[in-house]
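Have a look below at one chain only, the form predicted alone, in structure tokens format.
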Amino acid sequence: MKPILFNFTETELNEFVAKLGQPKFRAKQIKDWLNRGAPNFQSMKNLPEQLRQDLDACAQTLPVRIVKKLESSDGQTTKFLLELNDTEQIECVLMRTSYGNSVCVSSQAGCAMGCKFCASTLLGLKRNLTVNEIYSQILVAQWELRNDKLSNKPIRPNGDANNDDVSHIVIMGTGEPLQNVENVIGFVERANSDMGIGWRKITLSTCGIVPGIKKLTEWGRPINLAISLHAPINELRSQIMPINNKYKLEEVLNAAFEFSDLHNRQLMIEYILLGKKNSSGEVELFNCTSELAEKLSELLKNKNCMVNLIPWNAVDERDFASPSGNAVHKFQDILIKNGIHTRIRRERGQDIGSACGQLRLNNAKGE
């Protein structure tokens, strides 16, 4: 297995370059390219061709390798299927938006949460990702953005092709971040210090791992926290999210509001709207009836939060259905009537399977 140069310390990289008979300044050149996200040695244009060939024969650049890249039809979303050094695979998504360039990163290979509406958990949990494996997803996206600029491709919906930096991070990809909390914190610290991404431009989404939320509170950084709620009563939430059997709604929300109140931040409540087809093929509302909207309003009354409503995105292996637009807006109207700040999320990249709940290992079935 080839060593990964991105994982080397400065001393280790200097020693590695010296063994190749190269001067010390070559190590700095290589490190600069690695920090920019160079996917291979041939892209390191200020290195001699023979050195690039030698490096290619005995090492690799990043801890991740692009297996497949998919572009949405509007050109604003790119999904990457990435392979790790042990051949496990993950996905990350680059979203070019009017407010900046956002990257959705994975924190685990696979997922153990077992949420009944989600594709990411279908193959179970393989392992946690390291700090470098999470951070490298940002570098993959950054390299893509700089290629956009070189090709004069408009990279933002407003046609702005000048901003080639990742500006926002959402830890909402495959895996439960708070089951890998130490590495996730290490990644966030590095994204802030090395890339200058502000705490308030980083959002972490969790199913509700209470000890992990408390760890974030102890850590004390003012990132944004999102709770995947999806039901306002324990019985229903346990049906679709097995983690609720361990950490009940009230315990999760208490811990989450303690974190968000510490930083005077709005807590994001994520709520996927689910329907189910009956024997006649009609879609009946599952977790988004008027009664449940009232219960959700009661649960969140006078709380500093925003409810993000997410119409379900189709997953072939799941037997849910998307509710009608009228049902979605009716649910939202009830929340608004009760004084709950809410919005309907604009989904990105549905045509490439990168919308909420759709991330999976595409190569798992030989696709």
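Predicted model, so just to flag it, every value in this text is computed and none were measured. In this text, residue numbers run from 1 along the sequence as written.
The same protein also exists as the form predicted in complex with a small molecule; that form is not shown, yet it is the one meant from here on.
Trainee: Judged by heavy atoms and a 4.5 Å cut-off, are Cys92, Gln142 and His168 together in contact with the small molecule in the model of the complex?
Mentor: Not a single listed residue reaches the small molecule in the model of the complex, so no.
Trainee: Does Glu270 make contact with the small molecule in the model of the complex, using a 4.5 Å heavy atom cut-off?
Mentor: Yes.
Trainee: Does Gly173 reach the small molecule in the model of the complex, with heavy atoms at most 4.5 Å apart?
Mentor: Looking in the model of the complex, residue contacts with the small molecule include Gly173, since a heavy atom lies within 4.5 Å.
Trainee: Determine whether any heavy atom of Phe41 comes within 4.5 Å of a heavy atom of the small molecule in the model of the complex, and answer yes or no.
Mentor: No, Phe41 stays farther than 4.5 Å from the small molecule in the model of the complex.
Trainee: Find out whether any non-hydrogen atom of Asn313 is located within 4.5 angstroms of the small molecule in the model of the complex, and reply yes or no.
Mentor: Yes - in the model of the complex, heavy atoms of Asn313 and the small molecule come within 4.5 Å of each other.
Trainee: Given the stretches 288-296, 256-264, 226-234, 186-194, which is the single one in contact with the small molecule in the model of the complex, using a heavy atom cutoff of 4.5 Å?
Mentor: Of the stretches listed, the one contacting the partner is 226-234.
Trainee: Please pick, from Ile213, Val103, Ile134, Cys207, the one residue with any non-hydrogen atom lying within 4.5 angstroms of the small molecule in the model of the complex.
Mentor: The residue in contact is Cys207.
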